[in-house]
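Heads up, the chain below is alone and in the form predicted alone; it's given as C-alpha cells.
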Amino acid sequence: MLRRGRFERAMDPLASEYISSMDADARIFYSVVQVNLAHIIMLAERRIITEQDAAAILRALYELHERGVEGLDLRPELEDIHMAVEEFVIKATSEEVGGKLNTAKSRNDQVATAIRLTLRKGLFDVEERLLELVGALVALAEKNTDVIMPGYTHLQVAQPTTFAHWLTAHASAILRDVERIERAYDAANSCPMGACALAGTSFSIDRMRVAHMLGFKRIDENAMDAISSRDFALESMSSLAIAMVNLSRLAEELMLWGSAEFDMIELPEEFAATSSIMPQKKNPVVAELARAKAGRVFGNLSGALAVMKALPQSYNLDLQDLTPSLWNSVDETRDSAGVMAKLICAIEPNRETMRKRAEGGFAAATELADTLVRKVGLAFRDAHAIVGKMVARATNEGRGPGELNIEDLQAASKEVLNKEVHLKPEELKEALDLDKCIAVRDLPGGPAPKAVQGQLKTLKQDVKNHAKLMHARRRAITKAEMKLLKEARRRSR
C-alpha cells in the first residue's frame, strides 16, 4: 500500500521483519486510534475533508477502538501500527475515503504524539506505586519512633539513630523521585501533531484544537524539533533510573539488615525463597531482583542516550528502537516500587538486636566528645582525640561502652593533653545513654521521636498533595478521552 508509488518491488521479507515495530506498537494502539480520531474531527471542522467522509472514517476508527488491537492485521510488511490502522480504515470504507486518513499528518508526528499519550499514563502508574511505597515506609516508621538502631557510615557503626529515622530517610528520597516523575510528565505533556514529517503542512489545520482534544497542555512549537526530539523520553527514563537507584539502595539495606550477621529486621517469608539444596536458607529474592532490575533501567537510559547522541534533525528510524526501552523502564520501575511497598508493610524490626548493635559499636562516642566540649570547655578536636583513646583502650581490653569509667577518661586525657580532664560520673553515664543521645537530637531532621514525628507529618501531607495532583491529571486525561470518543460517535452517525 505505502510502497506502490516509489517502489516496484516488495521489501525483502527478512528486511520487513527487521524494521517492523509491530510487536512493540501494541502498547500504543489506543493512543494511535485517539490521535486519528482527533485529527479527523479537526479536519472536518476546518473543512479540509467533508463531513460525510469524516463520518465514515470516524465510524471505522470507533469500531476499531471498541474491538481493540486484535482487530488489526499486524503483518510485518505493513511496518508499523500506523499503516495497519490506515489499512483497516480503508477496508472499512474505501480507498477513496479511507485514503484521506493521512491528510495533513505523517507517521512521524503521529508516533511522537502516541508515545507521549501512552507515556503520560505510564508515569501515573509509576507515581502511584512510589507514593504507595512512601506511605508504607511512613506507616512502619510511625510504629517505631522509639526503636534505637545504629546509624552507619562506611558500613561501620557511627551514631545512634532510630528505625523510624532510617525509614523516613528512604521515604524522603523516594518522594523526590515522585517530584522528578511529575516534572517528566510536564515535559511529555506537549503535542507534536501538526508537525507532519518535519515542516508542517500547507493545509489550514488547527494544531491547538487537536492538542486540547487529546488532553495536552500545549503544542511543540517547532515542527522539525517536534518529530525528531525524544528528550521528553530521556527525561522520563532518567527520572525512572534515579528512582531505581533509590529502590536498589533500599533493597540493599533490607538484605543487609535481614542477614544473620546484622539480624536487625525479620524479612517476611512471603517475599523470600529457600534453596533447592540447603534447607535452612531464607533468601531475600525480591529485594535482590529489585537491585538487579535497577541495572536494566540504567542500561535502558544509557542505550537511549547512545541512540540520540548523533542523530541529525528530523525523523530517523533509530528513534523506533528507543521506544521499547522507554516502556521497559516504566514497567520495571512500576513493578519494583509496587512489590517493595508490599515488602515494607510486612517487615518486623528486631528491637533488642538493633539496640545491641548500637551499644556494641560505641555509637554514643560522638555525644561523649560533645559533652566534653560543653562541660569541660575543650576544643572539639581535643575531645575527639580523648574519646578515641578511650574507645581504643576499651576495645583492646574487650570492654564495651557500658564499662567505660572516669579512670578511662583521665588516662586518655593525660595521654592526649598531658593533664587530666574531669567529668562527674553521672555526666559520663548520661553521655553514653543511647536514649538520651537520641532525645537531645530533636532538631529538624534529627532522629529524636518528636523530630521524626514532624518529618512524618510533612511526608504524609506531601503524599496527599502529590496524590491529589496525580488524580487531578488522571481525571483531566480521562475526561478528554471520553469527550473525544463522544464527539467521534456523534460525528460518525
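Worth saying up front: this structure is predicted, and the values here are computed from it rather than measured. Don't overthink the numbering: it's just position in the shown sequence, from 1.
Form predicted together with a small molecule: not shown, discussed below.
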- Within 4.5 Å of the small molecule in the predicted bound form, do His82, Val111 and Leu317 each have at least one heavy atom? yes
With a 4.5 Å heavy atom cut-off to the small molecule in the predicted bound form, the contacting stretch among 95-103, 118-126, 309-317, 147-155 is 309-317
Original post:
With the cut-off set at 4.5 Å between non-hydrogen atoms, does Arg107 touch the small molecule in the predicted bound form?
Top reply: yes
